[in-house]
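A lone chain, given as structure tokens: the form predicted alone.
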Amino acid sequence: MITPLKFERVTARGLRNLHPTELDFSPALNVFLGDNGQGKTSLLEGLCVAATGRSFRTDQIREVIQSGSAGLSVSVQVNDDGFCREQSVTIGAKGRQASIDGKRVASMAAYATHTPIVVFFPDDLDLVTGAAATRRSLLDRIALYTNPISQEWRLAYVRALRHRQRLLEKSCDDARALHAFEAIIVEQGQNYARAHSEAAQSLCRHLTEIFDVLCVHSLSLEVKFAGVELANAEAYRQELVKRRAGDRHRKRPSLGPHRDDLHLSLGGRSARHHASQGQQRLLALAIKLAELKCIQVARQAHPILLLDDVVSELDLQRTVSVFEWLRDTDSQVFLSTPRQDVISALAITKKEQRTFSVADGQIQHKSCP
């Protein structure tokens, strides 16, 4: 049986432009309605910080702190299959601290996967149109759930890769040191590459099916994992040796899973270069929903879904298809939108719903029309 996960309540102080906030949520669908710049995305960001210790908007976590505030405190009460816990994150003079039921956690990595969430926000269009690094980060997130030790493999691989590159750029001929780092690169690189490949296989299994559901017009999607075959350790090591001069000249390593990518095609043409903006946005959303499905299968739990302005630039038919998907999901959903008409359209989901109005950093529960 797949475990339900729900945010029951959030309490936030010092978060972006929001006033001190305490809200209770529906276990099914929660909608935040307001004009742009009023605090809708900040609320979703606060939920993400409370659940993972990280923001989906910035890598600089202190940017989340309200201007003029000494720090940030945000906590969520989580219902995990009937068992409740409180997850809290504070950011202040002593840095970032996270706790579960009042007890400090050993590591932020362990904290970040305790309550699985998936976030979609406008910048996720980069999953289709952006650089390969964005899609590799997607594979890293999936691998973290399907094979938790993959993060250790990735960190060890990246550290060894950086040390090797520094030696090369210093024109260091210390063959012993280069050999030592390349041995680590081969061992951890093979593990990391395997984790990417398995994550890509999991993603592909779900992505084409979800895109077919969301796409109202018949349009074939092809997803191809682009990774180098690294099964033979000795061949991998020898290739690293051969590429030393080239990597020194390029000032970057040219071989390994740090260059993996996903190639996305619609109707036989590159989605990055030829798809319309609406098609790209729908595909990016499908990728995030496939990520949710991957995590659900790996963790046997329904991840919580945060959707920031998800139906922007989607036509009516595609909007309806998205809401029909929401109707059928067992995940708790948080959706922000500036469009009043979305509230009425969401009636198609027939889910228990709470709607909140957001204005000037204040969030209030309102009755559905």
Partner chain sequence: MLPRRLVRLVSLFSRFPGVGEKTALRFVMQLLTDKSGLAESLASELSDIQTSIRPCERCRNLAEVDPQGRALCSICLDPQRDNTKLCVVAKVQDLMALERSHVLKCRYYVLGKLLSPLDGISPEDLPIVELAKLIASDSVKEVIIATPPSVDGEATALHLVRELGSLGIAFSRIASGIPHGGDLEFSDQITLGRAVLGRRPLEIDK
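Keep in mind the model is a prediction, meaning the values are calculated, not measured. Positions refer to the first chain, counted from 1.
Another form, the form predicted together with its partner chain, is not on view; read the next lines as being about it.
Worksheet entry | its partner chain in the model of the complex: contacting segment from 161 to 169, 77 to 85, 286 to 294, 96 to 104, heavy atom within 4.5 Å | Comparing against its partner chain in the model of the complex, the contact stretch is 161 to 169.
Worksheet item: Would its partner chain in the model of the complex be within 4.5 angstroms of a non-hydrogen atom of every residue among 152, 176 and 180?
Response: Each of the three qualifies.
Practice prompt. Although its partner chain is absent from this view, report whether residue 156 comes within 4.5 Å of it in the model of the complex, heavy atoms only.
Written response: Heavy-atom contact with its partner chain at 4.5 Å: present for residue 156.
Worksheet item: For residue 148, is any heavy atom within 4.5 Å of its partner chain in the model of the complex, or not?
Response: Yes - in the model of the complex, heavy atoms of residue 148 and its partner chain come within 4.5 Å of each other.
Worksheet item: Contact between residue 184 and its partner chain in the model of the complex at 4.5 Å, heavy atoms?
Response: Residue 184 belongs to the contact set for its partner chain.
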